[in-house]
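In structure tokens, one chain follows: the form predicted on its own.
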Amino acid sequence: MREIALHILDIAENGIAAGADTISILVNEARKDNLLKLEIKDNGRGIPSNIFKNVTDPFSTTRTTRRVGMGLSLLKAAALRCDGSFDIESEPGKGTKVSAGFRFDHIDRAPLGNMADSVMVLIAGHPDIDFIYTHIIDENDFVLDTSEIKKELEDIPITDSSIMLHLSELIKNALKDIELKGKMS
């Protein structure tokens, strides 16, 4: 995949397909430590142990539409190619957590991509799912919790066009803000 944000979307969609009602996405740009860390966690069904042992094998999948499952294997390969790490934990009935790390300045590291648009795609496509998106750049962070936003909105759907536009701008401005703070520190 050309952008890391596409990996995040893919893994989040897997969690939703597994029945999750909450997806947590953490992007930690620890630039001072030369690391980019990702963590995508869901509270879905989890991965059964007989499938878990081959979960990063691209020719092992539970999908019925095709015989390959490339998402996790591609993320693992991308992370390891960039002197990074990959880990997956899953407990049946409780959910799955996928973690990946990349050396931030590695020449082969794909760009992070447009996280604001990626999060908005998830919210628009799955308004009943709660998303907790945390983005950290060194010591500065931004957290968006759609469950809190939905409480504030009461009867207004989160997918209302004016709300979606506001959320998109909120995320984009927050990311610019923490990026700027990171450069100034």
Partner chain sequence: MAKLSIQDLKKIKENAAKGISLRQEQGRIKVTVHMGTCGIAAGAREVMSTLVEEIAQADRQDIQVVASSCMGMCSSEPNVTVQVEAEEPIIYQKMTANKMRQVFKRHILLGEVQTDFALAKM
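Numbering follows the first chain given and starts at 1. Keep in mind that this is a model prediction, so the values were computed, not measured.
Here the subject shifts to the form predicted together with the partner chain, a form of this protein not shown in this document.
K.L.:
Can you check whether A20 is within 4.5 Å of the partner chain in the predicted bound form, heavy atom basis?
P.N.:
Answer no; every heavy atom of A20 is more than 4.5 Å from the partner chain in the predicted bound form.
K.L.:
Is P48 part of the interface with the partner chain in the predicted bound form - any heavy atom within 4.5 Å?
P.N.:
Result no; P48 lies far from the partner chain in the predicted bound form.
K.L.:
Verify the contact flag for L9: yes if a non-hydrogen atom of it lies within 4.5 Å of a non-hydrogen atom of the partner chain in the predicted bound form, no if not.
P.N.:
Output for L9 is yes: heavy atoms within 4.5 Å of the partner chain.
K.L.:
Check whether E179 has any heavy atom within 4.5 Å of a heavy atom of the partner chain in the predicted bound form, and answer yes or no.
P.N.:
So E179 does not count as contacting the partner chain.
K.L.:
Are there residues in 137 to 160 with a heavy atom within 4.5 Å of the partner chain in the predicted bound form, and which are they, in order?
P.N.:
Those in contact are D141, F142, V143, L144, E148, I149, E152, L153, E154, D155, I156, P157, D160.
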